[in-house]
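The form predicted alone is given below as one chain in structure tokens.
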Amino acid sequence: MKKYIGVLDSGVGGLSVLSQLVFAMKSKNYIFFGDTKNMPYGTKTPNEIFLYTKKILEFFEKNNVSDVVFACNTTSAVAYDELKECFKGRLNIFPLIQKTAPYALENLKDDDTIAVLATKATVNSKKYEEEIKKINPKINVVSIDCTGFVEIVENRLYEENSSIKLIKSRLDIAKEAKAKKIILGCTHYPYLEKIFKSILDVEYFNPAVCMADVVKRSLNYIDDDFQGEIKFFVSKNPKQFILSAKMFFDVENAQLIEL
């Protein structure tokens, strides 16, 4: 029976992780679930996020998924610990923040500042700060609530004046803090990286890139010549999902699923 790696997010953002996973492990089979009905997760309560994600994990179980990648910082921040226990022995879960935060500290020295652009829920969880301080307690961490960024990506509002104004207001906080590096703490944000760099030209850390390497090493992946299968599922608006996905993935078909 064909086995799959499950990849989940609240919308198209997780495709930035999926694209890296496919690049690193092309012969694996993937199921991507975008919970577009409940997007954005960043403004939801921890209990809501837990319940949404639990349903997706149960869907994955029914579809021969054995390994799951949380391509969502918010879920990793507020629901991973509880979900890990809930699905212990059933699913092998890779949480984005916990697996990648240590890599963000490369080339940083004691007392340097790193900024985290993230959703409100991720900022409130302090999960990035917690994981970074485990590695180096002398690093300064500035977490910035970027509520509204997900909607810019999902609705393709990149060139709107209001979008640019909002983005600049968030990056000004990182600039004032003299951040040496900025973590893209939501998988939607790589879609905005060119705009970020045009406003504030510092190093940006995309967790999706090293997440793929972490998963590849953990699964002891050996490259094969053939291309695996990829299935896409969403909980609302498959046509809009396909349009918004174009920057990171050419999604030809997304199946609507009510969980």
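For clarity, every value in this text was computed on a predicted model and none was experimentally measured. Residue numbers here begin at 1 and follow the sequence given.
Another form, the form predicted together with ligand DGL, is not on view; read the next lines as being about it.
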I'd like to know whether Y41 contacts ligand DGL in the predicted complex, with contact meaning heavy atoms within 4.5 angstroms. yes
With the partner left out of view, is V150 within 4.5 angstroms of ligand DGL in the predicted complex by any non-hydrogen atom? yes
C72 within 4.5 Å of ligand DGL in the predicted complex, heavy atoms: yes
I'd like to know whether C186 contacts ligand DGL in the predicted complex, with contact meaning heavy atoms within 4.5 angstroms. yes
If we take heavy atoms and a 4.5 Å cut-off, which stretch out of 247-255, 21-29, 5-13, 233-241 is in contact with ligand DGL in the predicted complex? 5-13
